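Just the one chain here, the form predicted alone, laid out as structure tokens.
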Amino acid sequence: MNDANNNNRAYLRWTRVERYQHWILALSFTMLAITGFALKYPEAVWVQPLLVFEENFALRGWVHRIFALVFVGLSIYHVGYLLFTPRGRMQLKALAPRRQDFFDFKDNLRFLLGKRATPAEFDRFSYMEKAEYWALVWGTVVMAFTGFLLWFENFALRIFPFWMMEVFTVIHLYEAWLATLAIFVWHFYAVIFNPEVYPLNQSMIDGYMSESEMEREHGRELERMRANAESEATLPTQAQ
């Protein structure tokens, strides 16, 4: 914990390694979305500047494949981070769905409907953040599987009938639409356009959340951190 400039205590939310993972994910996802939709909709006006470079070089396809490898490489690293580092295992445990998430959803719904005076308190990750994370995991598996089969078509045709390639194409396209809309509608609102965090949730910039932000978004975790701090403060000091 550090002291913020406004004398409001700040709590570490994301380490530098976790922030690097997030920004590599953001860059690779953005480039995959742009180049992927450019491949699917080459007649679109915004795609035309890319076609200028494609007389002798398939720019869209190669950039798409390069960032697909970056995305998959990051995913493999992330799995290793979750499984083989103490911090990663802590994050994975916190991301696991729990029965409490159901009660948090119920309390939050009652608050939104005006049947509860105060909003629900969340732990390190709310049920909304967990849903978004595991949707990303599922989407990554689907997109990587179908994408590599479409990339290595000759290999795929040794295993699957030709008509399955059309099925993989449709799945890849609509999963891409689903993921892109989830980012623009759900994630961007949560970290940018939500009036409580606008113009930006700073935690992915400097890694910290203020005490007021923690109380609003992760009240249950904040209570536990305060209790742990009080317990450590009351422990007897060892003899020198």
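So that there is no doubt, residue numbering starts at 1 and follows the sequence shown. These numbers were taken from a predicted model, which means no experiment stands behind them.
The same protein has a further form, the form predicted in complex with protoporphyrin IX containing FE, not shown here; the description that follows concerns it.
Asker: Considering non-hydrogen atoms and a 4.5 Å limit, which listed residue (68, 214, 50, 197) is close to protoporphyrin IX containing FE in the predicted complex?
Answerer: Of the candidates 68, 214, 50, 197, 68 is the one lying within 4.5 Å of protoporphyrin IX containing FE in the predicted complex.
Asker: Which one of 173, 182, 204, 26 is close to protoporphyrin IX containing FE in the predicted complex, taking close to mean a heavy atom within 4.5 Å?
Answerer: Of the listed residues, the single hit is 173.
Asker: Using a 4.5 Å heavy atom cut-off, are 127, 130 and 188 all in contact with protoporphyrin IX containing FE in the predicted complex?
Answerer: No, none of the three is in contact.
Asker: Could you tell me which stretch in 111-119, 157-165, 82-90, 139-147 has residues with non-hydrogen atoms within 4.5 Å of protoporphyrin IX containing FE in the predicted complex?
Answerer: Among the listed stretches, the partner-contacting one is 139-147.
Asker: Is residue 61 close to protoporphyrin IX containing FE in the predicted complex, meaning a heavy atom pair under 4.5 Å apart or at it?
Answerer: Contact check for residue 61: yes, within 4.5 Å of protoporphyrin IX containing FE in the predicted complex.
Asker: Although the partner isn't part of this model, could you tell me whether residue 95 comes within 4.5 Å of protoporphyrin IX containing FE in the predicted complex, counting any heavy atom of the residue?
Answerer: Although protoporphyrin IX containing FE is absent here, residue 95 would stay clear of it in the predicted complex, with no heavy atoms inside 4.5 Å.
Asker: Classify residue 151 as contacting or not contacting protoporphyrin IX containing FE in the predicted complex by the rule of any non-hydrogen atom within 4.5 angstroms, answering yes or no.
Answerer: Yes - in the predicted complex, heavy atoms of residue 151 and protoporphyrin IX containing FE come within 4.5 Å of each other.
Asker: Decide whether residue 39 counts as a contact residue for protoporphyrin IX containing FE in the predicted complex under a heavy atom distance cut-off of 4.5 Å.
Answerer: Heavy-atom contact with protoporphyrin IX containing FE at 4.5 Å: present for residue 39.
Asker: Go through 13-34 residue by residue and record those having a heavy atom within 4.5 Å of protoporphyrin IX containing FE in the predicted complex; state none if no residue qualifies.
Answerer: If the 4.5 Å heavy-atom criterion is applied to protoporphyrin IX containing FE in the predicted complex, 13-34 yields 29, 32, 33.
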